[in-house]
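Quick heads-up: it's one chain on its own, the form predicted on its own, in structure tokens.
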């Protein structure tokens, strides 16, 4: 449904209200909010009927949602879900919200997992909502995904999303990075993928309200330097990846060259930094050398 055509006055009013509140994409968000309310009211409106959005409970529902978004609550929390590649995942307050740039990270991990033998093992620490883990499980045939997070709230949400997408392929464990993994898996991971905290502590206070007021700081700040967790994961990748396995990490766009240097120093090969859809350095990709001493391609 084209809400701009069906509800032109309502759309214009919502868009203008969000714009006045400083919402970065008022038109897009207005469409999502109106479509969400229309979908929820449609079941009781009768076949082919269009819900009235200017009075009654649909109008009240729309007003409540618009007020939350105008207060700069993230759209994903207002709607309760986030679209991520081919799936939709639930979002909850207090857990990091998946964003479009991370879809690029997931896509690289999916491509690398598909290059491996059937039954590839993919591990995602810092899973948050579990969006990457769920996308990998859905898009890579026969894959096994292990996800971890140190935050119990994130573990609970990731398990919820795993059950809703591919419960037979995803296991979510509580703990720090690779600590929850069985020692027998050391040297056997096909892909290690993560969107870890990677911002420096000095960035605190510079974020938009959608980030600073709603994402948990532990999911944003990697430490004083920012890339402490990224560096730990690169060091772990060398010992946990199988020969020819890949590490795929989302990084601070300001740190592409430095992150690549750390990966090479750690002993990884085929190191590259890929850009997201905005052109920013976003994804660090590297491989562990195969048994011949060369990185597999």
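Numbering follows the first chain given and starts at 1. Just so you know, these numbers come straight off a predicted model, no measurement behind them.
A second form of this protein, the form predicted together with a small molecule, is not displayed here; the remarks below concern that form.
A.B. asks: Quick check on this chain: which one of 158, 135, 191, 126 has a heavy atom within 4.5 Å of the small molecule in the predicted complex?
C.D. replies: Contact with the small molecule in the predicted complex is made by 126 alone.
A.B. asks: Hey, of 160 to 168, 112 to 120, 90 to 98, 202 to 210, which bit sits against the small molecule in the predicted complex at 4.5 Å between non-hydrogen atoms?
C.D. replies: Looking at the other structure, the answer is 90 to 98.
A.B. asks: Closest heavy atom of residue 74 to the small molecule in the predicted complex, within 4.5 Å or not?
C.D. replies: No, residue 74 sits far enough from the small molecule in the predicted complex that none of its heavy atoms falls within 4.5 Å.
A.B. asks: Is there any non-hydrogen atom of residue 225 lying within 4.5 Å of the small molecule in the predicted complex?
C.D. replies: Output for residue 225 is no: heavy atoms all beyond 4.5 Å of the small molecule.
A.B. asks: Is residue 218 a contact residue for the small molecule in the predicted complex, using a 4.5 Å heavy atom cut-off?
C.D. replies: Heavy-atom contact with the small molecule at 4.5 Å: present for residue 218.
A.B. asks: Since only the chain is shown here, I'm wondering whether residue 104 would be in contact with the small molecule in the predicted complex (any heavy atom pair within 4.5 Å).
C.D. replies: Residue-level check for residue 104: no, no contact with the small molecule.
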